[in-house]
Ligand SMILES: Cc1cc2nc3c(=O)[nH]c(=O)nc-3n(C[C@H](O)[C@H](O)[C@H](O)COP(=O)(O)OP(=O)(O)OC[C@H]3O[C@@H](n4cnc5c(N)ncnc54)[C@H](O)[C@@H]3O)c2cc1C
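Coming up is one lone chain in structure tokens, specifically the form predicted alone.
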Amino acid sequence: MAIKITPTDARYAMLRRSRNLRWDNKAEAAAEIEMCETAEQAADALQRIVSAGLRPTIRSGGHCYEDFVVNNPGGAILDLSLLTSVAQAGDGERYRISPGQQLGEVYLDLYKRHGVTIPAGSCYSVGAGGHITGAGFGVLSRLHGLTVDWLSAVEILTVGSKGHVALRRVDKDHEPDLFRACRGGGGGNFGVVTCFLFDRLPVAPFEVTNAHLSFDWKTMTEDNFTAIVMAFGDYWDKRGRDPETWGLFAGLGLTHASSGRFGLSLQFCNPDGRCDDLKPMQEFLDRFQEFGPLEAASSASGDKRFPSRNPGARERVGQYNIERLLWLDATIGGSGTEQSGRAAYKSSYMKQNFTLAEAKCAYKHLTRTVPGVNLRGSVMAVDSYGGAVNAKGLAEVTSACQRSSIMKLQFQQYWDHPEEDAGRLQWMREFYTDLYSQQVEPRYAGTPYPNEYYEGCYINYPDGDMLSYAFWPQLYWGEQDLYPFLQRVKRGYDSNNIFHHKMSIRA
């Protein structure tokens, strides 16, 4: 029997909340929370919820950027965070990942049991359920693709037209349309995933090297800034397409000037999972020699995905200090439990390098001030993309359609006090709208609408602002026939629209 938590329970006040406290006073709370430890408990709880006429929303790790789970007035939250079993249950050599497992737990378990991994995200505490259904992207994705590219089967609870809950195991041969929809279509759309199954997974790297560079805003000119940004993008647009570089992942964290510094961090291994040939990494770092003075960033000031863990492993490559780490140390060391706070996010995919105008636009907004608004905690994070992600044929068998991009951007805002909401959000929206009004048709202005430059947005970084555009589904699922396909699957498996939120698939 699932653990039922209602408003009279002392645990309710904490468990009803979102990690993004921005929604605390805006979301209308659910009437109950059902904590499930097994697929059977989840099926029973879901049946009770549906039979009672309540709306279910689904939570695994609770990291949803929007209010999709917690904004459920009078409904029920089906919480799968305790559903973490990895028992084989007669599946032979299949690897099983439960939706409630945190990514850090997944990495540890797969490595210790089998020496394999998944190319998933860099935050230790994110739940597998939402992350994988939204495609699953991370530091190893250039080398091994998206997590859904390896997915072999899914166990999912669906609700039929007469309200009956059914457990299905779907794969490429059994209900293949539903299986494809679960490979990147986004969470909370078609049913409740209770298990992800993988017939094979990539071998975990033996070791990786990390490096960090830090740039001082006080001495940063517009010319230097734009040159750094364009040198970063130029690498992925040209050299980064070569398979020998696919083990290189880098992130450019363009913080607001009020933060004092911005940084560049990378992780590298050769395609064989070792670091015997550091030439690709050195070639990349050499692009930034002229933009000094540079400082090696510590783990405190650098990207937490690329930690400073073992001073004894430091080496010198050219003029740079690097760290050589065992892969598991780097992965778990770089992950952390996120603290609750107020936040907002936007995203985009880029198919080409930045133009000079785009780089100047970023400089303008990252250096401008807004009276009465503290913009510390504002970041435009530019991650490398492509490599194995862009292998031919994957877009046709998954629902992750962005397979031509070289970079993925995440715009982030973090703050503490509700009185800051309006100013923070206004600055972020103005930045985003300005940036994406240059290389798109006027009717799509303000968005990275798919074209020769952009490839839309990432559904795991949902942004409610996009709902103001009638074409918002095309931003997340492309211009072709993928969204109509997902709509057909929705009608076929959730004809009563039991599973919905403000950005779910419209039947």
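All values derive from a computational prediction rather than experimental measurement. Numbers follow the displayed sequence, beginning with 1.
Heads up, the form predicted in complex with the named molecule isn't pictured, but that's what we're talking about next.
Trainee: If the criterion is a non-hydrogen atom within 4.5 angstroms, does every one of Thr133, Gly136 and Gly187 touch the named molecule in the predicted complex?
Mentor: Result yes, every residue of the spot touches the named molecule.
Trainee: Can you work out whether Gly127 and the named molecule are in contact in the predicted complex, taking contact to mean some heavy atom pair no more than 4.5 Å apart?
Mentor: Although the named molecule is absent here, Gly127 would touch it in the predicted complex, with heavy atoms inside 4.5 Å.
Trainee: Verify the contact flag for Thr447: yes if a non-hydrogen atom of it lies within 4.5 Å of a non-hydrogen atom of the named molecule in the predicted complex, no if not.
Mentor: Output for Thr447 is no: heavy atoms all beyond 4.5 Å of the named molecule.
Trainee: Applying a 4.5 Å heavy atom distance criterion, does Gly104 contact the named molecule in the predicted complex?
Mentor: Judged by the heavy-atom cut-off of 4.5 Å, Gly104 is well away from the named molecule in the predicted complex.
Trainee: Should Ser122 be counted as a contact of the named molecule in the predicted complex, where contact means heavy atoms within 4.5 Å?
Mentor: Ser122: contacts the named molecule in the predicted complex.
Trainee: Where does the named molecule sit in the predicted complex: which of 392-400, 67-75, 109-117, 354-362, heavy atoms within 4.5 Å?
Mentor: Heavy-atom contact with the partner occurs in 67-75.
Trainee: Taking heavy atoms and a 4.5 Å limit, what residues of 42-68 are near the named molecule in the predicted complex?
Mentor: Ile58, Arg59, Ser60, Gly61, Gly62, His63, Cys64, Tyr65, Phe68, in sequence order.
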